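So this first bit is one chain, no partners, the form predicted alone, shown in structure tokens.
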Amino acid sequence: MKPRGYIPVAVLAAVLAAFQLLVSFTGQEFFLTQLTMSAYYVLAVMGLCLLMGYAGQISLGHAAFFAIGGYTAAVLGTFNAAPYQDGAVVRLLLKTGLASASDAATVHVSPWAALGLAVLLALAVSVVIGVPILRLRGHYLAMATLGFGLIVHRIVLGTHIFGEADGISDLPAFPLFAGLSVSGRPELRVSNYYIAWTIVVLGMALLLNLVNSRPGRALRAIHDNEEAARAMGVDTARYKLNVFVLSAVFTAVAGVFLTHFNAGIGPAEADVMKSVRYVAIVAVGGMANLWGALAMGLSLNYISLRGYLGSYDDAFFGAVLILIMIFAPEGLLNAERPRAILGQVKALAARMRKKGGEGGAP
């Protein structure tokens, strides 16, 4: 991507910093808690936007990847490996610093190791299910991903190690570096706001680079006409699988960090309605519009997390999806919409000038 392509990213970073200064100056830092949580959901939505908007592949099971990341972090973060410290795996983790022993009876796996394992799990699962289901198209693919999401939801809901209906709580903070750690403690609101949005800004820069590169053009070709793209030499199966895996990894990483921020995770994060919510946000933001996904992911998740929708939370996102499909299937913030409106305005102005010229002729 050309240097000027990073200007919107820099503007986003400046706006985020200005907003933090404003709420801190006015003593309203409590707003940062929901904005931090929204940032991690935005990261998941951006990954889904890449898959749906640029590669044209529908997924109704992305909450499953969020759960894979979150539950991996939660299980390993709360697991006491002391009874197994004589084993080769735990000894290796201790020697490499990926596990620590606070005393002889307590050995915890490092959150960095949990993050790495979560990414590997999301990568492996997405490859295993992606190879067969990405051969499907349209509603067949949607139903297959929906089935995957249902399976993961039932597993976390019915398995003891995942806390069943209660989920997992009391997860410790995720120490990063230089004294920074991912935690929901009120005194760490500002630092966690910057941690979350730095991850989102870096993710946005990475995805913008991708969609403006040769692979990005190949994805657009697959989205517009898969047969034509294949005829032009694009390895459609490989591109679809790669973007599915990348999207799953983005979502799993979001799950890891939000789980540490919330100090726990419950089965609601793997619910199919969470997947529907992600799809609704991508749809309303404009399918092939990462900035639209970011804007709508931030605003709609913030409204939901502030509790403005009450018990009608899921109903709201379901209604949003229906209305968008009926009245604006290309999304409210579709990048082509302003150009189309501008073109219509120019055409109207040209017709009016032409009529005015004909009326004034002798």
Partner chain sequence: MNPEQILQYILSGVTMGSVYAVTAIGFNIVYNTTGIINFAQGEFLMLGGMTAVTLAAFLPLPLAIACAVALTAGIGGLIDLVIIRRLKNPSVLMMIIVTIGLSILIRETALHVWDAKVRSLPFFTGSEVSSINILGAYISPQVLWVLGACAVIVTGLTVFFRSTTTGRSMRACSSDRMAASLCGIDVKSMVTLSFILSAAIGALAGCVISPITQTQYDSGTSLAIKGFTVAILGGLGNSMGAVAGGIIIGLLEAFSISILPLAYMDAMAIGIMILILFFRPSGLFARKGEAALKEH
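Keep in mind that what you see is a predicted model, and the values were worked out from it rather than measured. Positions refer to the first chain, counted from 1.
Although not depicted, the form predicted in complex with the partner chain is the subject of the following passage.
- Exactly one listed residue, out of 263, 241, 136, 190, brings a non-hydrogen atom to within 4.5 Å of the partner chain in the predicted complex: 136.
- With the partner removed from view, the residue among 58, 296, 68, 37 that has a non-hydrogen atom within 4.5 Å of the partner chain in the predicted complex turns out to be 58.
- Residues within 4.5 angstroms of the partner chain in the predicted complex, judged by any non-hydrogen atom, belong to 312-320 and to none of the other stretches in 312-320, 41-49, 24-32, 296-304.
- Using a 4.5 angstroms threshold between heavy atoms, residue 92 stays clear of the partner chain in the predicted complex.
- With a 4.5 Å cutoff on heavy atoms, residue 132 counts as touching the partner chain in the predicted complex.
- Contact check for residue 147: a heavy atom falls within 4.5 Å of the partner chain in the predicted complex.
- The partner chain in the predicted complex comes within 4.5 Å of a heavy atom belonging to residue 151.
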